[in-house]
Ligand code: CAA
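First comes one chain, alone, set out as structure tokens in the form predicted alone.
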Amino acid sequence: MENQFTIITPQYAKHIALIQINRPKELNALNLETMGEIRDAIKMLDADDAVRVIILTGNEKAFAAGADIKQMANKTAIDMFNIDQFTTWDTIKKTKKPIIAAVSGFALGGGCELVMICDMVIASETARFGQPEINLAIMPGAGGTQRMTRAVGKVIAMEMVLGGRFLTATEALQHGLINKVVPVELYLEEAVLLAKTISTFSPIAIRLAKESVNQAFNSTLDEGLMFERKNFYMCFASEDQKEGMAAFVDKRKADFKGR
């Protein structure tokens, strides 16, 4: 289905949903309405048992070239505080199902921050990643100083945030920001291939594993290990675990039901 600023395809492929940001004239700049639609689409798909993986993309020219500056230019600090736009970002961050970003062209400012909320990133060779807010006498506010530093390290993050440096797709891969670089004509296809692989596994195990990986960024090693252990035990409460191990013993392909 198509909203004003996004196109949502709940069954793009078996168990895979596609959300496409659809503001081509604005290079997919993220205004409040667009972010609201993305949030609502992700919440809907996260609750749909037929969907196991979500792909978020833009077009060949831009994933999203930042926030919509026109909406913010005349706002005061209190205006921005009352708008509370980052609640939308927090909702997306809590998505249980894996989200793969398929990125081509510009992923800047809020667009880059949206990429970093996703769990995996496939990029075309034309992709460019950056946090150029410093040019506007502001700074990132949706995780650009925090997630970028965790992804690429302090000195590269400092250069991007303080100096406005863009990373090419190859540089982003080298610094651990993305998973893979492919020719521009293949970036969405490659994201679908990754989604298809993930969608063949137990949705329960995938959810528990995603939670455990994310916990590594918010805890000490000992706390993370305890969280991982509990989720490992939880897997054994599922029918999928019985099916997966039985299929392995029987030397056949497992049929996971998400139960």
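What you see is a predicted model; the values in this text were computed from it and never measured. Residue positions are given as counts along the sequence shown, with the first one as 1.
As for the form predicted together with acetoacetyl-coenzyme A, it is not shown, yet the points below apply to it.
Contact check for residue 61: a non-hydrogen atom falls within 4.5 Å of acetoacetyl-coenzyme A in the model of the complex. At a distance threshold of 4.5 angstroms between non-hydrogen atoms, residue 208 is out of contact with acetoacetyl-coenzyme A in the model of the complex. At a distance threshold of 4.5 angstroms between non-hydrogen atoms, residue 167 is out of contact with acetoacetyl-coenzyme A in the model of the complex. Though the partner is left out of this view, residue 148 does not reach within 4.5 Å of acetoacetyl-coenzyme A in the model of the complex, counting heavy atoms only. Note that among 156-164, 184-192, 105-113, 171-179, the stretch whose heavy atoms approach acetoacetyl-coenzyme A to within 4.5 Å in the model of the complex is 105-113.
Screening 228, 46, 26, 37 for any heavy atom within 4.5 Å of acetoacetyl-coenzyme A in the model of the complex leaves a single hit, 26. Along 123-138, these residues reach a heavy atom to within 4.5 Å of acetoacetyl-coenzyme A in the model of the complex: 132, 133, 136, 138.
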